[in-house]
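Shown next as structure tokens: one chain only, the form predicted alone.
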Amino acid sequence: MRLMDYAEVIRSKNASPFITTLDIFFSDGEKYQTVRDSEAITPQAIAELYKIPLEDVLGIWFVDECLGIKISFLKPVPSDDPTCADLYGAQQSSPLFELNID
């Protein structure tokens, strides 16, 4: 199954002009635990999905209290760069939708 089959919300936003943050929320604990325990969401997986260097993945945090996952990584270009295609970082979540959860 894919991450979008488990998660209630998958969204992205700027955490600064230089950082994109991804938020994943689940409507029930069982789905959250399945994804958390699958080890499908790793720095390596994020680097591959977003075609960024591994060292640009700043962190992945599993927050059991709110059934959520937060992922942060450096943007390939800052938000104020003329070549930036997503000024607000609001359209960066789609690569996560198809992530396989084994």
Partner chain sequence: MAKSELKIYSATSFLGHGVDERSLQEAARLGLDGIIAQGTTTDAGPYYLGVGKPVMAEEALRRDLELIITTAKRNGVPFIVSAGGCGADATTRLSLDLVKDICVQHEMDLTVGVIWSDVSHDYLIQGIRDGVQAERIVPHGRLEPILTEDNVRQATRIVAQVGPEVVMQLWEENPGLDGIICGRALDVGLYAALPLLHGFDKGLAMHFGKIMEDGALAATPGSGNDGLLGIISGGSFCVLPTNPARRCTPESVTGHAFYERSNPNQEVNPGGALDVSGASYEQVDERTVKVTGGRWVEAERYTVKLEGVRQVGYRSICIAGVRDPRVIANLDLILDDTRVLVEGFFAHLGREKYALNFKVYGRNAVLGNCEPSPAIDGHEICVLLDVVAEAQKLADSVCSFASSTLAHHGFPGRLSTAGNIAIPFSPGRAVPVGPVFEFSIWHAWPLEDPGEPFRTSVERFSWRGVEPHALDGLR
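On a predicted model such as this, the values are computed, not experimentally measured, just so you know. Numbering follows the first chain given and starts at 1.
We do not show the form predicted together with the partner chain, though everything after this point is about it.
The shortest heavy atom separation between A85 and the partner chain in the predicted complex is within 4.5 Å. Although the partner is absent from this view, R36 stays clear of the partner chain in the predicted complex, with no non-hydrogen atom inside 4.5 angstroms. At the 4.5 Å threshold, heavy atoms of I41 stay clear of the partner chain in the predicted complex, well away from it. With a 4.5 Å cutoff on heavy atoms, K70 counts as touching the partner chain in the predicted complex. Taking the partner chain as it sits in the predicted complex, the stretch 22 to 47 comes within 4.5 angstroms of it through a non-hydrogen atom at D23, F25.
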